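One chain comes next, on its own, written as structure tokens: the form predicted on its own.
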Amino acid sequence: MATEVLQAHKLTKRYFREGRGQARYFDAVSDVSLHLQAGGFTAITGRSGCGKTTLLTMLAGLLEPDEGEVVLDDKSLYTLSDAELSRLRNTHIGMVPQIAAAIKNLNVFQNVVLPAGMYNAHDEQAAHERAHQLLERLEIAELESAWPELLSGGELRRMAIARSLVCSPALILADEPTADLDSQSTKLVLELLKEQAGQGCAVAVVSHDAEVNAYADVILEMDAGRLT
């Protein structure tokens, strides 16, 4: 039986919305339970605004649910202190945000290895070697010394993906990782994420890109905040 890396139990996130003269609360995510297993590649699909990003952000320990629980490494994420939660994210989770971002005064290589320098939790030399390998694999090795402002959207996206993987996390959460990418770069990224799953990671990808489904072991669809 595959090992469960993360369990989410009955997650709900509620927001207040005004519009057309009415104000009401609505559930961006409603009563969602989800298990992510080591070695599994899960695709989460659905229309814009259906709650996919909200769900992924809660799974990453970045947005506290109004109801429910997320368990990672036998720890309930939202019972931890900020310091404990930050350290757990650094050592266990690789997060690819929907909007690729970088620290402007660090070059590409420095941005990629940045997570490995935190908390003294990672082998620096091993992280540097892995960063070189990831940048080579994603075909941006020649940009290691470049400043982020000089990168195209697709290059910045691939840099963010390399950064999310540099610490060899047990869990990879990727929000639209193929946005801004051409077909060849999309293939590179999806093959790399599939390879990480094959090496024992739990991978969850939120995407509108139908090509992602071809790599997934499990395909889940969100509709109005619920997984179907």
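Don't overthink the numbering: it's just position in the shown sequence, from 1. Note that this is a predicted model, so its numbers are computed, not measured.
Same protein, other form: the form predicted together with a small molecule, not shown, and the subject of what follows.
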Heavy atom within 4.5 Å of the small molecule in the predicted bound form - residue from 37, 54, 196, 42:
54
So, in the predicted bound form, is residue 98 in contact with the small molecule at a 4.5 angstroms heavy atom limit?
yes
So in the predicted bound form, does any heavy atom of residue 215 sit within 4.5 Å of the small molecule?
no
Answer yes if any heavy atom of residue 28 is within 4.5 Å of a heavy atom of the small molecule in the predicted bound form; otherwise answer no.
yes
Looking at the partner-bound form in the predicted bound form, is residue 184 within 4.5 Å of the small molecule by any heavy atom?
no
Heavy atoms within 4.5 Å of the small molecule in the predicted bound form: which of the stretches 64-72, 162-170, 43-51, 185-193 has them?
43-51
